[in-house]
Ligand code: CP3
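Okay, so here's just one chain, in structure tokens, the form predicted alone.
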Amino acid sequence: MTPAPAESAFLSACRREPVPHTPVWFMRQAGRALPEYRRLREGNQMLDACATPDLVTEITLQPVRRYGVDAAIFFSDIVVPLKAIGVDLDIVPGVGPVVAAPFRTTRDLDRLRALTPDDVPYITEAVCNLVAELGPIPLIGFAGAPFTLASYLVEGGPSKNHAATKALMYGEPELWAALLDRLATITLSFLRAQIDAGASAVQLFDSWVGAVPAADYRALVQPHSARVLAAVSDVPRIHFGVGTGELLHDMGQAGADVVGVDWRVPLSQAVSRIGPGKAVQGNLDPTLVFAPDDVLARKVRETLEQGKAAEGHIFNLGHGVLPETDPDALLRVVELVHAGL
């Protein structure tokens, strides 16, 4: 009989169970680094591609075929659920998500209605297709965390200092809480749609939350992420942010089973900061794939060695695959991880 995804090394590591080898996958493994992806995306805008089940299926499968990774990550974007409920936004090449009218007042809350499965039928169809194609390989669903979604909505697009976001968070705490509450409801509905269609695990991306001090994170951000994670507790949950070394313990307390670690903190230190009862994911510097083979191999082995301090370790990069990455370098990483120390 063909093994089920539940028996995979990836899901076993999420559950802190023994594994035959350290599982590995890459954030942004499906995307710009692959020539087959670039060919497929020609003439297709990002949000259009995310709403086309056949494209989503093929793009998600491409890195699984090429690299032999232990999990697939659903191809989508964190702003897809916002677009689905009618927020006027677009993903501008070379820039990122851009919101036509940034959110700044209580009236803007009316633009955030609840998300229903009927809003995203293409998500359900694509996940079902992928589960059938992947067989024993788990599919990871994903969504953006409330803080990061709020940052895009308030800033109107990507931001280096999140000044408008913090001004709202500190200056109008009631409006901030209401905004994150609505975004948490949308996010958990988006994750639930993926889980109900067959996703084996989910990852909550809080890309920009590293800009928030720990005490403010605990008071103003963590409760909303915790509500999302609690609502999807029937599958393993990964929680990841960038620049979150000072938040690792608090992010672990938000309720995920696995805490993702960026490249700035050694895994052995991250395990200590997070505390017991959690697996960790990470955390090779994404730029190391440009280093000579011997250097890359040494750094992969160092990451594996440090991962032994955790109750469960999923090998990944400390952020997403860079567009200029040579796919053969990622294949080499997978081979090294599967071979062990």
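For every residue, the number given is its place in the sequence shown, counted from 1. Just so we're clear, the structure is a prediction, and the values are computed from it rather than from any experiment.
Just so it is clear, the following notes concern the form predicted together with this ligand, a form of the same protein that is not shown.
**Message:** Quick check for you: of 295-303, 282-290, 38-46, 269-277, which stretch puts a non-hydrogen atom within 4.5 Å of this ligand in the predicted bound form?
**Reply:** Among the listed stretches, the partner-contacting one is 38-46.
**Prompt:** Which pick from Leu153, Val127, Leu248, Ile73 sits with a heavy atom within 4.5 Å of this ligand in the predicted bound form?
**Reply:** When this ligand is considered in the predicted bound form, the option within 4.5 Å is Ile73.
**Request:** Consider the chain as shown here, without its partner, and state which of Ser207, Thr165, Ser189, Gln222 has a heavy atom within 4.5 Å of this ligand in the predicted bound form.
**Result:** Of Ser207, Thr165, Ser189, Gln222, the residue with a heavy atom within 4.5 Å of this ligand in the predicted bound form is Ser207.
**Message:** Just checking whether Asp77 would be counted as a contact of this ligand in the predicted bound form - the rule being heavy atoms within 4.5 angstroms.
**Reply:** The answer is yes: Asp77 has a heavy atom within 4.5 Å of this ligand.
**Asked** Would Ala30 count as touching this ligand in the predicted bound form under a 4.5 Å heavy atom rule?
**Response** Close contact exists here: in the predicted bound form, Ala30 approaches this ligand to within 4.5 Å, heavy atoms only.
**Prompt:** Taking 4.5 angstroms as the cut-off for heavy atoms, does Trp176 touch this ligand in the predicted bound form?
**Reply:** Judged by the heavy-atom cut-off of 4.5 Å, Trp176 is well away from this ligand in the predicted bound form.
**Asked** Pro93 near this ligand in the predicted bound form, any heavy atom under 4.5 Å?
**Response** Within the cut-off, so yes.
**Prompt:** Though the partner is not shown here, which residues of 298-328 have a heavy atom within 4.5 Å of this ligand in the predicted bound form?
**Reply:** Residue within 4.5 Å: His319, and no other.
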